[in-house]
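Provided below as structure tokens are two forms of one protein chain, presented individually as structure 1 and structure 2.
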Structure 1
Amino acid sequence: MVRIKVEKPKVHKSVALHIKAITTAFKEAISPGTITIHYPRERRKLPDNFRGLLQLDKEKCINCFRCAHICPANAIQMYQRENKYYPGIDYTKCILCHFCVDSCPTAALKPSKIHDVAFASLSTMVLPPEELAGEPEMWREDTVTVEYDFDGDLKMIKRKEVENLIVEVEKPKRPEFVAGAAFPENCIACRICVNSCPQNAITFKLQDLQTMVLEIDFEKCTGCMVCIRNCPTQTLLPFRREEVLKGGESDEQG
């Protein structure tokens, strides 16, 4: 058996270690060095582009179907309300990619910083337009907003304020387009464009006994391109609105 002799610490070193430990305890009691957020009483500050739950502004929606067409998870379905169509979201499928937000030409779909949500059942996770348009009912306990400072040493900045979780989104600056009959000789008068147009901007009229004329009302057309995507003969193409309106209020192609 080998015994290891442990040298007893000297008195002054022992006192110094105890003083250091007591000092550290006092510092932590007065100003804790923890970086833990005491949720839900404290909430971390999130960036404005945080991909949380979606909201719908029905006044801005132009029924263009872009959000439904671009959704990679097929989580958006269009609901008919008041002779128009508005998006609803199935959160059992939604992956919060916000492709719909990025593609919306009028900022009718906008993000929020709401992410901590509880649903009673799977059926309640399917939100029709009227529920998507209203702000969700929230119970908030947070009174402090916490922000991390990564400049140098990691620090926490706590403010006695409540962050607004609803984000205001400006309409993106994009050129306005309308649909026009670029190749009228391809038209077979199938009327798919008429039936698919959410704004009733496309009509057909009989010019003579053998000729049908496709007419587009550019004042109603929102440039959603639903007709272009559905046209089986590639008759329609997008045109800049300012260029088309120089030639008149409507486009007639036979």
Structure 2
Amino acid sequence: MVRIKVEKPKVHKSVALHIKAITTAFKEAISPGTITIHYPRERRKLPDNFRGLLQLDKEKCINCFRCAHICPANAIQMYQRENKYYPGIDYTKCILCHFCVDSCPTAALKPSKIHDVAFASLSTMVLPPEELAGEPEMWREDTVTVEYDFDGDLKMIKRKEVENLIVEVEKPKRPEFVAGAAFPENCIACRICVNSCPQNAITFKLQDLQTMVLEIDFEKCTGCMVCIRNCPTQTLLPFRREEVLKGGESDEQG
């Protein structure tokens, strides 16, 4: 057996340690350094683009199905309402990745800071579009909003205020696309693009029996790519909006 010899602390060192311990105890008694948030009476302040429950603005939705296509959890289903389709979300599947929010060309799907949700049963977790619009029913007990200050010693900043959980956020800048006629020679004049465009940005006119004029309004086009997906002959392709506009300018100059 090996015996480890522990040196006895020197007296002055031991006194210093005791004083430090006592001052810490006093400090904690006056202003405690705990970093626990007393939820639900207190709430932590969340960033505006927090990935919580989703909100749908039916007015803005152009029923392009992009959200349903991109959802990696297959949680979005489109519901027919009148002559349009709107997304509904199955929260038993949703992983709150907000790909749908990112892909929405018109910011009709919006994030919210609501993350503490309770459902009465599994079936109530499947929300049709109507239930995505507007504020959900909320019970709030919180009176204090807490923020952490990470500079130097971790500190808590408590404010006696109630944070709004649904805020308007500006959609982050992403490259914008428009659909352009890349290979007009492939067009078979089926007009599926015209009929499928949710924005009615594509129009066609029959000039005579043989000639059809197809026109894409780049102003109206949201780059949702429904027409591109539907075009059977790859006539249309997506283009960067700024490049298209630049191209137009140089055309005018030349």
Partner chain sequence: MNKVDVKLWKIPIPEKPPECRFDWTKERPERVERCKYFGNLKAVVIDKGICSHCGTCYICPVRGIVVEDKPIDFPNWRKDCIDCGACIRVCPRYDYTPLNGLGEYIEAVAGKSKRFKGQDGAMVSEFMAGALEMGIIDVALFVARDEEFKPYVVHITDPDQLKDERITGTKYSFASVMPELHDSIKHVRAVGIIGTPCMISGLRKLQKVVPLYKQKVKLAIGLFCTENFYHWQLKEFLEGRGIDLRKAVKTDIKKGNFIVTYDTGEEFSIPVKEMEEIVPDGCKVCQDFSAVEADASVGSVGSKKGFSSVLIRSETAKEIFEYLKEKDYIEVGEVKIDVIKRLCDYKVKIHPYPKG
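Numbering for residues begins at 1 and runs along the sequence of structure 1. If you're wondering where the values come from, they're calculated on a predicted model, not measured in any experiment. C-alpha atoms forming the largest set that superposes within 1.5 Å between two forms make up the rigid core.
In this comparison the chain labelled structure 2 is the form predicted in complex with its partner chain, and the other chain is not. Comparing the forms between structures 1 and 2 on their rigid core, the Cα displacement of Val226 reaches 2 Å or more. Ala68 is not among the residues whose C-alpha shifts by 2 Å or more between structures 1 and 2 once the rigid core is aligned; its shift stays under 2 Å.
Once the rigid core is overlaid between structures 1 and 2, Gln199 counts among the residues whose Cα shifts by 2 Å or more.
For Ala16, the CA shift between structures 1 and 2 after superposing the rigid core equals 9.9 Å. The rigid core superposition between structures 1 and 2 gives a CA shift for Leu237 of 3.3 Å.
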